[in-house]
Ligand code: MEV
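Shown next as structure tokens: one chain only, the form predicted on its own.
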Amino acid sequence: MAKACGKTILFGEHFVVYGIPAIAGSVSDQTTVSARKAKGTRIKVEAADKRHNPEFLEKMAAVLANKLGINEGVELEVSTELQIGSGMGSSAAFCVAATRALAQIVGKNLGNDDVCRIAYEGEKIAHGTPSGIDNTVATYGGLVWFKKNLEGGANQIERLKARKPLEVVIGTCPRKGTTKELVEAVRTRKEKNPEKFARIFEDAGKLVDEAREALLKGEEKKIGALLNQNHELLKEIGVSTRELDAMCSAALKAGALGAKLTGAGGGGSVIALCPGKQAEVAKAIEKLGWPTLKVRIGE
């Protein structure tokens, strides 16, 4: 049996695909996968949660098994505490946990670097051309600064130590479109309006640099202001929705220092920084009809 954590992106989603750094943190909710050998050659997945699509998980698991040199039958059981399809990295958590569970049954002792590399191959089934940040956070946990290597080499990864953990509330709502579809839509808009997107991308890069320093120094008000700025940039590239904007607005009115969508957008999740006011912010979002999680990031 193996576990992997979910994630939330604090700064830089979508922009990270183009080589701009991003910062993400693990959340306490996890995915658990157990594996056992079976007759034949089929990779079978049984999911405790009806929100999962077993056939889709089987496609990812087959890729992972192949990378591990497994050509015999395997049965996997998966359960998760994460919201699925809401920007919390549920597919990456599955890929990481499944990689570890599969390695266990064939006696392979994988280090985190190998787990992360193999899990990324499974993520390609889910997202086409993922940045790699989700499987990185799911593998290593904590707070991660990440920069994708656009030349195909090793990505730059640095584990950050925030001055203090961030108290946040995550609100979730249904999402329209997959991460792959949303990423491709941004790419299309970027190609149609290169000058506008060049300015947005430059601003996004500067913002992540500022956010890194603020996190290291524990400047919560600064972090909150940067979350708000990041949300505006995501609105400009067309990935926010009225529901996400409404949750952000409700969180700010309830005392959050900052709020933004997190993940691919099109629905999904928002993250609100609200030290000492998690209960108030969660209540404000729940009044809109959406469930919330109260978590700490950066521990």
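Just so you know, these numbers come straight off a predicted model, no measurement behind them. When you see a residue number, it is the position in the sequence shown, counting from 1.
The discussion below concerns the form predicted in complex with this ligand, not included here.
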- prompt: With the partner removed from view, which of 192 to 200, 132 to 140, 163 to 171, 224 to 232 is the stretch that lies within 4.5 Å of this ligand in the predicted complex, judged by heavy atom distances?
  reply: 132 to 140
message: Under a 4.5 Å heavy atom criterion, is residue 268 part of the interface with this ligand in the predicted complex?
response: no
message: Against this ligand in the predicted complex, would residue 10 count as a contact residue? Criterion: heavy atoms within 4.5 Å.
response: no
message: Please determine whether residue 285 contacts this ligand in the predicted complex, using a 4.5 Å cut-off between heavy atoms.
response: no
message: in the predicted complex, is there a heavy atom of this ligand that lies within 4.5 Å of any heavy atom of residue 100, even though the partner is absent here?
response: no
- line: Applying a 4.5 angstroms cut-off on non-hydrogen atoms, the residues of 262 to 285 near this ligand in the predicted complex are 263, 264
